[in-house]
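Shown next as structure tokens: one chain only, the form predicted alone.
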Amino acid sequence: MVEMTERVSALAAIYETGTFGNDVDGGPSVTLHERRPLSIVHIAGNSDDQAFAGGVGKACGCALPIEPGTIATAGELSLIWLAPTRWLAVSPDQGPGILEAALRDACGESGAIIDVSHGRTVIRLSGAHARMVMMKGAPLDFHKSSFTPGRAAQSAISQCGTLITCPAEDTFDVYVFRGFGQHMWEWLTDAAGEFGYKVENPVS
């Protein structure tokens, strides 16, 4: 019997919980934690193909979002629009290959499905100054009236390609390739330092 290798976070060597940065009145105004473990599956296909779109909907419990920069949700699972023919399905860890298999079974040959859970680091930051931290790095409009809950965008932060989502008010998830995980964590914590920040235990 083959034993599965345990997945280790890209941040394992540097992740430390506690309060850091400037000592500010009222305490830290930014909170960070890594989102893990997660099941993350890249989906590619034609949204006009009923076999594909219907299959994704059946496996995920929600319809594919077709408007640029939008997110569809079903419980704790999210479908994030990346491009006209590409999406990410993200949920708390369902077990090795479970979400990928469900999508493959539902879509058949109509789509391209690949598990990328091991290849992404996802960092959540929230709090009164979370938007200010994001403004330091990504050339996007982070105004409350523009980057609202349920929106997503792809941009660069510190020369790293990122996917940024807004799951709730003043809350952002930053997706980055695993190889850039430590760099992105160090950049975000440095940017949050002036506001004071708190690091919490990882939660999916």
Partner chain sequence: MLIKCPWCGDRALQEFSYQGDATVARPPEPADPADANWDDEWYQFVYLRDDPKGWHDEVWHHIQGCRKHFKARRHTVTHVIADTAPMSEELKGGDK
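Positions refer to the first chain, counted from 1. Keep in mind it's a predicted model, so treat the numbers as computed, not measured.
From this point on, the text means the form predicted in complex with its partner chain, which you will not see here.
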Exercise: residue 75 in contact with its partner chain in the predicted complex, heavy atom 4.5 Å: no
So in the predicted complex, does any heavy atom of residue 51 sit within 4.5 Å of its partner chain? no
Since only the chain is shown here, I'm wondering whether residue 128 would be in contact with its partner chain in the predicted complex (any heavy atom pair within 4.5 Å). no
Using the partner position in the predicted complex, report whether residue 155 sits within 4.5 Å of its partner chain, counting heavy atoms only. yes
Can you tell me which bits of 59-95 touch its partner chain in the predicted complex, meaning any heavy atom within 4.5 Å? 68, 81, 82, 83, 84, 86
